[in-house]
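In structure tokens, one chain follows: the form predicted on its own.
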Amino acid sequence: MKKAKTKKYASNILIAVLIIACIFMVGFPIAWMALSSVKPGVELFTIPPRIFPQNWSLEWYKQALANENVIHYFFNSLFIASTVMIIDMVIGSMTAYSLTRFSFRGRRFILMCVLAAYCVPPIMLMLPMYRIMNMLQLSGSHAGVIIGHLTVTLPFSVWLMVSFFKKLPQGIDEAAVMDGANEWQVFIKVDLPLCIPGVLSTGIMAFIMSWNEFLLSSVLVNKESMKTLTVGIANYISSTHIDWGIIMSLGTITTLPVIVLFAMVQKYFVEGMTAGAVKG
């Protein structure tokens, strides 16, 4: 008995150490970025480096926000990521519902195609996506970027939501049909409310993927006022000079909406991810 308690105690310590190590590896670079954004220029490259600034300064934020294009970058990213999130939640939930609730020929093939589409690296889509958007005269527009982001996020959203809808027992749908509900009413009034945590968690992931996407956004948009925040940050990197202070400040600004979003819907995100991991 004593040996079992000692073994359990040792395993708990090991797990705690691993969790602390993971938090440190993820959190330290973010903390360094945020602290570097409030350091004056002379402290950014001091040797040995200091974690905390001696003289706090907002000069990098002032320089970044003095450029009106940065405001455009932020709202462009917010608009594109929000639109992608909403479309993913609507189309993804309807697609996942149809794939789990209806029996038709080719259903498994569609699921495999969805998984295969998600596994394709975005860099492989760069050239064909650019040519398609040019052909549709959508290159250089937010609509083209949204379509490009959907090619990356929508297969992931569908595949993730399928696990949530699979968890719901078929008996709920049958009871609703016996009460006179049609398939659309079953989806809207019965299944969808039960999957709200899963749908919200999927929407959060789609928002983050779109918000952080760089490759397709840099190819599909070339007008300065229409660039996203991730693409705009690259403007401060050249072959001769890198504005590290401004990059740190813009990186912090880029990270804040994701942190705020997680804080607002953390409960639904955790519920959704754990619900999708349990087979009903």
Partner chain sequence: MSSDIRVKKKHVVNGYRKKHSMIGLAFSIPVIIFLLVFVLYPVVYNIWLSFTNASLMTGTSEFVGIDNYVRIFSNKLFKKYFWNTCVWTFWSVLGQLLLGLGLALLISRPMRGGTALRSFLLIPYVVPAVALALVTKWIMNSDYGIVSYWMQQAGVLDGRQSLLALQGPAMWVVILLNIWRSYPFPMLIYWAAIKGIDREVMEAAAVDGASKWRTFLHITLPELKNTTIVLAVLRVIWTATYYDLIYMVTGGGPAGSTTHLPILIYQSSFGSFQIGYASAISMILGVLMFICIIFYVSKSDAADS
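Everything quoted here is computed from the prediction, not taken from an experiment. Numbering follows the first chain given and starts at 1.
The following text describes the form predicted together with the partner chain, which does not appear among the structures shown.
Residue 165 falls outside the set of residues with a heavy atom inside 4.5 Å of the partner chain in the model of the complex.
Heavy atoms of residue 71 never reach within 4.5 Å of the partner chain in the model of the complex, leaving it off the interface. The partner chain is not shown here, and in the model of the complex it never comes within 4.5 Å of any heavy atom of residue 58. Heavy atoms of residue 10 never reach within 4.5 Å of the partner chain in the model of the complex, leaving it off the interface. Residues 147, 150, 151, 152, 154, 156, 158, 159 are the members of 140 to 163 with a non-hydrogen atom no more than 4.5 angstroms from the partner chain in the model of the complex.
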